[in-house]
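Just one chain follows, in the form predicted alone, and it is written as structure tokens.
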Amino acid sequence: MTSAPDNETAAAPAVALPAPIARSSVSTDVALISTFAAFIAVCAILPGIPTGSGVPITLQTFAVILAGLVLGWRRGGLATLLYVVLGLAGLPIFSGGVGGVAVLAGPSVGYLLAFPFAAALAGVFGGLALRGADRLMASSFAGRFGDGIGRAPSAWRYPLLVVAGLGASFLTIHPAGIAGLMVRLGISLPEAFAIDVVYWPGDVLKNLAAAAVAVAIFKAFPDMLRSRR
């Protein structure tokens, strides 16, 4: 008898490939959200610099923007929202070691309520910045060194993340803060704006620091860059 045709082997069912491993999970999301909410709380209760308006200069903005840049818009926004909710529930984690809904009657209410939106917007802008950094680095090195796709675009990431953080801060925190000052202090828009300007130099420095820390985190933990969302 002749042997079976060789094409019987080809007809055998293909071996199923294992499903790709998910780079993120619910437990990971919960851990990161909780960790950054706690980090924001720590930055908030550290002694701040008093100002005449009753709204001290603290590290809250640094932590809020960092959460958005590192975690992405969804997880960064949720981490900051968790911080705000826990503080309003009574935990003494707001600036000055206070908590509870009574803070909503204070002049800092606009800044506080804008934090989740600032983190989410920083996450959106941060994602655009990171993708733009990849494209800029690829085009920059492609002509000079050949294929530049695989090179780490750290040089482009930092300035673009700084712009992302500043954009998120000045589009959310400062307008809301000015509105809160006007409502709670009963002052005019120019007066509230003059008070808010006091925070601008510190805000710029905090965004510079947040971008630097974000770049360092992405360099040390590349999975954080791939899984931000």
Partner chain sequence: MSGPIRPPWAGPLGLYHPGTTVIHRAPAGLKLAVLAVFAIAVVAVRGPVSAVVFLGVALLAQLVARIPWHRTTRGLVPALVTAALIGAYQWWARGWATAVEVAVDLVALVLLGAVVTATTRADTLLDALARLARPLRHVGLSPETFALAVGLFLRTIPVLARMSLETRDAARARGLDRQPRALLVPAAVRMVGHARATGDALAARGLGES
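Positions refer to the first chain, counted from 1. Since we're looking at a predicted model, the values are computed, not measured.
Although not depicted, the form predicted in complex with the partner chain is the subject of the following passage.
Peer 1: Would G99 count as a contact of the partner chain in the predicted complex, using a 4.5 angstroms cut-off between non-hydrogen atoms?
Peer 2: Output for G99 is yes: heavy atoms within 4.5 Å of the partner chain.
Peer 1: Does L86 make contact with the partner chain in the predicted complex, using a 4.5 Å heavy atom cut-off?
Peer 2: Yes, contact at 4.5 Å.
Peer 1: Going by a heavy atom distance of 4.5 Å, is I93 a contact of the partner chain in the predicted complex?
Peer 2: Although the partner chain is absent here, I93 would touch it in the predicted complex, with heavy atoms inside 4.5 Å.
Peer 1: Please tell me whether any heavy atom belonging to G106 falls inside 4.5 Å of a heavy atom of the partner chain, as the geometry stands in the predicted complex.
Peer 2: Yes.
Peer 1: Could you tell me if all three of A37, L82 and L185 have a heavy atom no more than 4.5 Å from the partner chain in the predicted complex?
Peer 2: Yes, because A37, L82 and L185 each have a heavy atom that approaches the partner chain to within 4.5 Å in the predicted complex.
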